[in-house]
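What follows is a single chain, given as structure tokens, in the form predicted on its own.
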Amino acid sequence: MSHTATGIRQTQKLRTRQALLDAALVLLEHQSLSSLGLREVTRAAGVTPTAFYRHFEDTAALGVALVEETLGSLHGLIGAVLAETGDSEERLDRSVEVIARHVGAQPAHFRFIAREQHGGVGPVREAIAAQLRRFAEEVACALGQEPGSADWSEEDLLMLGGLYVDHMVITTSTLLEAGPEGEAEVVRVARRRLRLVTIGRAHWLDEG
């Protein structure tokens, strides 16, 4: 088989996979993943049920892929912000802007995450939890490199990272509820809450 033919087949395979993910996301606007049928997805995507199994073992595996598609790219974006030089508060402020842009661009993806974080499909719950733990570890690592964190324990840094990630999750849910017209106010409040956390962080090691 020629390289050209192989390339065409690979492109078609990727298109089919993406069509299944896109179709599932549309259907999941109106139902939970646990109630989603494989044939519903393939019918909406315009492919056969057999084609589904070339890409996913079951709908749970498709859900895990949606988690990766939604949250995977955020690691690089948030990481780039945290790696910037300058005041940590300013960097965290910019991370709020990144999240707001991402939620605004992919609201259906983030509604899926918000619903399924505590939904009935175990592998998807675990995939979301793993992504959030990874975010917490990345934030903790970035904060640990700052001079003000010299005396912080690894446990406390991870707890702080988790606190920032919890804030990110709450902000995401609030952005979804507020819609585009309420985004500016949600971002303003989110930044103020981050500043409150930053003030507490500055005094965490104070005696008494």
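What you are looking at is a predicted structure, and each value in this text was computed from that prediction instead of being measured. We number the residues from 1 along the sequence you see.
Beyond the structure shown, there is the form predicted in complex with the DNA, which is absent from this document and is the topic of what follows.
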Legend entry - Listed range touching the DNA, judged in the predicted complex by heavy atoms within 4.5 Å, from 152-160, 54-62, 138-146, 173-181: 54-62
Legend entry - in the predicted complex, Ala44 touching the DNA (heavy atom, 4.5 Å): no
Inset, instruction - Answer with yes or no whether Thr198 is in contact with the DNA in the predicted complex, where contact means some heavy atom within 4.5 Å. - result: no
Inset, instruction - Report yes if any heavy atom of Ile8 sits within 4.5 Å of a heavy atom of the DNA in the predicted complex; otherwise report no. - result: yes
Inset, instruction - Report yes if any heavy atom of Arg39 sits within 4.5 Å of a heavy atom of the DNA in the predicted complex; otherwise report no. - result: yes
Inset, instruction - Note that the DNA is not shown here; using its position in the predicted complex, name the residues of 11-34 with a heavy atom within 4.5 Å of it, in sequence order. - result: Gln12, Lys13, Thr16
